[in-house]
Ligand SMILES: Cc1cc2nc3c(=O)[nH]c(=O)nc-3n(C[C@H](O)[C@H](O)[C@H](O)COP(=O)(O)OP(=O)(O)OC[C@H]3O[C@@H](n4cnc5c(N)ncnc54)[C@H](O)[C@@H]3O)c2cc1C
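Take a look at this single chain in structure tokens; it is the form predicted alone.
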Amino acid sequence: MDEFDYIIIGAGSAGSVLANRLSAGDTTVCLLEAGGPDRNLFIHMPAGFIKTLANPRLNWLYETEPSEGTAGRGIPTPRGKTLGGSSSINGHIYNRGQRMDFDTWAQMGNRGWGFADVVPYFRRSERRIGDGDDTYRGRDGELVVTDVDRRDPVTDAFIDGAVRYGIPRGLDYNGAVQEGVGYFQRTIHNGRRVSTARAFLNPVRRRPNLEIQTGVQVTRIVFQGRRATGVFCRRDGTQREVRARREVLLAAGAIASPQILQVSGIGPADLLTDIGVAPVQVLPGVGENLSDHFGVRLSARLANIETINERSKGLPLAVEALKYALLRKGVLAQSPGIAVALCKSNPGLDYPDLQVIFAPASYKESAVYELDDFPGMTTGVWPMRPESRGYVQARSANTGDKPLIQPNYLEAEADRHLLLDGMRLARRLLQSQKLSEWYVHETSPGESAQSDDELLNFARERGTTIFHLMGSCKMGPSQDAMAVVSDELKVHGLEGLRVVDASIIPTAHSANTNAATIMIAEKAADMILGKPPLPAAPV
């Protein structure tokens, strides 16, 4: 039976960071990943993310339950199944979130999680290449963050049109002010994806006190009394136990982390009874409070201009492939989103509440992520802080059975109203005077959709996840009946067990979740090792 100081469950955005930081000293660390190594070409080629979305070797291929908000559809929900986790299959976007996000965490009773407290941990992980105020930005970390290096006239015109509409031109949305429009920052360097596996695991994988095991699915956490002492796991059909002398660290993400807790006897009493698991600790919030960004794409046909659509087929694609192979440049080195507008639905708001992304590309209605045969452009829009909440529930005591996932998209009336505002804004931005010389007509949803009911029906029928699931193991004080972990990320009522991933985010986060998840792991590593927190930033 193997024994280590720390066991980390999941080698994703959080687990890779934890493995790096905890193994920097003399403690022994075992990192368990259910997926395989990250050797697939499409992981590392930025445009290859499209090929990972349906690959069962790289993706858990989850699907949400049907709901009224999705017109009775189940929504495919990708989650990474490889070293680097979802950071190996995501859209590369680096977006930390707003000051208000983290200050709200602190106001909910989570000490040390305010904006000034977390900025130093964002800075520690980051190696920013490009402009930015070093009060906020890091220059010496492992995670390389770069600017889009291939600008084009259509995207320039979109940005200029948004500025003319009244959205300020953004300087650095990961700095002092998030509001504005401009090109994305992304985790791409020299034409390759910077996943957390590449940034944090690869440089340290030869440390003698770090053992990385792939193809290992944890079946449950083991307890002696109220203390977590290890895990049972399965590899190639063989079950074995791995023991932890100090702590078990659950970093499997917003879907798998609550499922693993539930099959281990931690969760709502009725659910534990239903799946036939003896309770270790009844915590009604395990799996609850699930949040996600639900977005809608609007597209238009263009003429007399070249877009990514034409560069991605036939001879032009062969040229792009050669350009990528020789220079690591071109459309294959790009992220799917090129520009972003972080904007307010109402000018009286203190902070943006809508995210609009833009790409000089458009997709066929009949196929997932298959580009149109004509020049096109697309915006995607979503409320940044949705109020709808859902849940994750284990269907059985077997972690090999995919859990039930119900985000309850658009259940909250406020989300429906805000999404309508966003769709109308996105439509106006596509029809700006700056884009008018190329604009032909709207292809999706089409100009016939004008009323609130027509647009909302389109959103229900065509809207989809933005891949930002969070909140299902909520962080909060023990007085909060739905809190799962404390502000030290310790599971309430138990010893030797923490949750460290996006599932602990207590409220809907206003940004893409990868950057925040890395920050959570950075901060957790100091807590686990008993180090004092980094000094608060002067922000």
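Predicted model only: the values in this text are computed from it and were never measured. A residue's number is simply how far along the shown sequence it sits, counting from 1.
The discussion below concerns the form predicted together with the ligand, not included here.
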(request) Name the single residue among Ala251, Met423, Ile159, Leu261 that comes within 4.5 Å of the ligand in the predicted bound form, judging by heavy atoms. (result) Ala251
(request) Could you tell me which one of Gly191, Gly91, Pro168, Gly112 places a heavy atom within 4.5 Å of the ligand in the predicted bound form? (result) Gly91
(message) Check for me whether the ligand, as it appears in the predicted bound form, comes within 4.5 angstroms of all of Gln217, His468 and Asn514 - heavy atoms only.
(response) yes
(message) Residue-level contact is defined here as any heavy atom of the residue lying within 4.5 Å of the ligand in the predicted bound form; does Ala34 satisfy this criterion?
(response) yes
(message) Although the partner isn't part of this model, could you tell me whether Phe42 comes within 4.5 Å of the ligand in the predicted bound form, counting any heavy atom of the residue?
(response) no
(request) Give a yes/no on whether Cys30 approaches the ligand to within 4.5 Å in the predicted bound form, heavy atoms considered. (result) no
(message) Residue-level contact is defined here as any heavy atom of the residue lying within 4.5 Å of the ligand in the predicted bound form; does Leu53 satisfy this criterion?
(response) yes
(request) From the candidate stretches 79-87, 296-304, 146-154, 103-111, select the single one in contact with the ligand in the predicted bound form, where contact means a heavy atom within 4.5 Å. (result) 79-87
(request) Within 4.5 Å of the ligand in the predicted bound form, which residues of 47-63 have a heavy atom? Give them in sequence order, or say none. (result) Phe49, Leu53, Trp60
